[in-house]
Each structure stands twice: as C-alpha cells, then as structure tokens.
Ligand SMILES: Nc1ncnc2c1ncn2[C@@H]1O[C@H](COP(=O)(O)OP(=O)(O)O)[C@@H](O)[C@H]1O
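Shown next as structure tokens: one chain only, the form predicted on its own.
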C-alpha cells in the first residue's frame, strides 16, 4: 500500500540551526501517529515541514496515494489573538473550504453543504451563528476541527489539539479524534499527554536525542519509550 506521507532522511531547523536530523518514517492510510518528545525537539517544526509551510534543511517529504497538499486538514495550536477572532462559527468552518475554491471569490453550494455537514459532525451546528470568540475552549476546538475536516477526508494534522482544555473536555476531544480515525481518516498528532498518546495511537514518533519510529507496542519496549514514560514527561517544546 502506498504511504500517504513519507519523510526521507529529513533534517529540520531554522537557517543553519539543526533541530533534528535523520528522520525516516511513513504514514499509511488509517494510521494514528502520535509525535512526542522533549521540549525543543522539533515537533511543531516537523509538522510545519510536513505541511510545506517550512522548508527542510535536508531530505524530503513525499506525499503519495493521490493526496494533494491542499487536501490535508490542519489544526494548529491557537494563539490568544486567534481565540479572539471576531467571526461567526459558520464563517470559520467555511474557510476550511478555501483550498477547494481555486480562483473563485465565493463558496458554492457544495462547499456550504460540506461545512454544514462537518459542523453537525462535530456537534457545533447549533452554534453556527454564534461569534467564535464567545465560545468555550472546547467548543472552539470543535469548530477548528470541523474547519480542518472541510479540507480533507484522508489526513488530519493536529498540533496539541487539547492544549488549555480541562481534563473532561480534553478526554472528549481525544475520543472525537479517535472516532474520526476509526472512520478511516489518518491522524498525525503532536501531544504532550503520554497517557492519551499511548491510549489512542497506532504508531509513535519520538523526537530527541534518541529517535524512534514504530508501533505503539514497540515504543513501549524501546529505550526512549521506557525512559520517556518513566520520567512522566511529554511537555511540549
């Protein structure tokens, strides 16, 4: 089976500063890859590189299985400014269809239907007319996930999707992401929560002094996996 996304001898960093090098891994259809590692190990830099938002210092990212870059759904970490964005829920979700519009300056009926279906799917349809900045953190994340789903039915990239949420809301978000994975959507997620990562992931990519890529079961038996879990780490960046 052709991989959706493959990293070949990838080196990450800014200008001449190398954060991580020698990364080799592939993500197949239906996988749930969790990216973990110590602070500053390059997790977010890797995700931006996979999305083509940042050039690698070396190596390459290969997108396969007919997937296009504009067909990847992305949920980044929110900034304070983004949380205060003065737009309606419907407008935020619809913006996920921009990659489908080409040069058209408006959304067509099909794209509006896709947005409506994903709002219903994420349980935020009743909030469609509400201002995004008036929502709770959990509601905002569901809105952003609905937006990401408007871009894809194949691959979601999520950068700490439960950051700042209370434990009960975070658990609901993890279960929602897991249900999308069971429906066939491939997930690549950065997480600082080792317990959740190991509960839901099929594969783990560990960044840091000791690199690891493989199944969750193999990670638990590996040296970086044992050390990282024992130390109770998983803090982001």
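Residue numbers count along the first chain shown, from 1. All of these numbers come straight from a predicted model, not from anything done at the bench.
Beyond the structure shown, there is the form predicted together with the ligand, which is absent from this document and is the topic of what follows.
44 is the sole member of 44, 178, 202, 26 with a non-hydrogen atom within 4.5 Å of the ligand in the model of the complex. The partner is absent here; in the model of the complex, the one residue of 40, 184, 52, 58 having a heavy atom within 4.5 Å of the ligand is 40. Although the partner is absent from this view, residue 152 stays clear of the ligand in the model of the complex, with no non-hydrogen atom inside 4.5 angstroms. For the chain shown alone, residue 163 is not a contact residue for the ligand in the model of the complex, no non-hydrogen atom being within 4.5 angstroms. The closest non-hydrogen atom of residue 19 lies within 4.5 Å of the ligand in the model of the complex.
Under a 4.5 angstroms non-hydrogen atom cutoff, the ligand in the model of the complex lacks residue 139 among its neighbouring residues. Of the candidate stretches 44-52, 62-70, 164-172, 194-202, only 44-52 has residues with heavy atoms within 4.5 Å of the ligand in the model of the complex.
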